[in-house]
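Below, in structure tokens: the form predicted alone, a single chain.
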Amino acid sequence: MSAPLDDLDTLVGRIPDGAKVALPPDYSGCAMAAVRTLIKRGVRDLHLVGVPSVGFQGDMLIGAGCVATLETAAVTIGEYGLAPRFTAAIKAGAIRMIDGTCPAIHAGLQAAEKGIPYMPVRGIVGSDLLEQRDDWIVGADPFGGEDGPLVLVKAITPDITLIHAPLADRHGNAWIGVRREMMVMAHAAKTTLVTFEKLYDGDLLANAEMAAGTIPALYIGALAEAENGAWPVGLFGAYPADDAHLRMYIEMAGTDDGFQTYLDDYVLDRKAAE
């Protein structure tokens, strides 16, 4: 079994309006070229799942009007400050926010990965989050443990996981190295779409040094080559974040007009690749 090698437009065309899409954090494998293509296409009503947080890609999609629901433990862009378009959307009530925690997000995905309805976690009991989540239930340890109650977190099953990987091969496998959150995301989702930097000459699963960090084609619906596809947030082991560009984004995205100018210059007119 192998996943097809698409061009970027065809790959992004596999993401319909209203899809539940899992995205990794900025320090992982962000498919920024695909995100820009989604924005340009005008996708709407996405349900984003940040695993366990989301950063610049989520902020851009929200600002472009592509998102109806955001489910995540945090929206963080690190030392750059608050995420401007997310902040504006929350203040305006423009998106539905589903607050989670890092362990709960991972637990929900692990439940879907294993094909079970929920995963128990500790540490949430007593939090006011429980008052907001009808898909989290407090339950007892059925084996009679004395460590107190558990929170049963409902499985999170994304329609699509969207990631960027350093390598992929013609067999449809994608190498993600030590970024194991992307492996769980791929296992949990109905399908995974991967953009990648370079095409590996051979079979990644046949390489003993690469196989452990490789998502098998079984979990991947399609791939597309996209050199510099994580720009401007950078890609682990390949290239750093473009600090000057990210700071420019934060400044421009601080206002509605500024963000629209950013889209016009770096997304809609394809200037992002310059």
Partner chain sequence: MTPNRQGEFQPEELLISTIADMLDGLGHVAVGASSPIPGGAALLARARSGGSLRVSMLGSEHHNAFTNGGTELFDCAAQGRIDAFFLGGGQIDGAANINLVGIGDYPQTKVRFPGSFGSAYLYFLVPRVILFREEHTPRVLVPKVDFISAPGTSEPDVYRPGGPYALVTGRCVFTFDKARKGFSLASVHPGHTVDEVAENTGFDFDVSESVDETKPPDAATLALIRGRVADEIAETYPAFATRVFGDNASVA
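Positions refer to the first chain, counted from 1. Predicted model only: the values in this text are computed from it and were never measured.
There is also a form predicted together with the partner chain; it is not shown, and the following applies to it.
The candidate spot formed by Ile90, Met97 and Asp128 is fully in contact with the partner chain in the predicted complex: every one of the three has a heavy atom within 4.5 Å. Leu152 falls outside the set of residues with a heavy atom inside 4.5 Å of the partner chain in the predicted complex.
At the 4.5 Å threshold, heavy atoms of Asp169 stay clear of the partner chain in the predicted complex, well away from it. For Glu197, no non-hydrogen atom is located within 4.5 Å of the partner chain in the predicted complex, even though that partner is not displayed.
By the criterion of a heavy atom within 4.5 Å, Lys40 is excluded from the residues contacting the partner chain in the predicted complex. Heavy atoms within 4.5 Å of the partner chain in the predicted complex are found in one stretch of 82-90, 199-207, 186-194, 152-160, which is 82-90. Contacts to the partner chain in the predicted complex (heavy atom within 4.5 Å) from stretch 103-117: Pro103, His106, Gln110.
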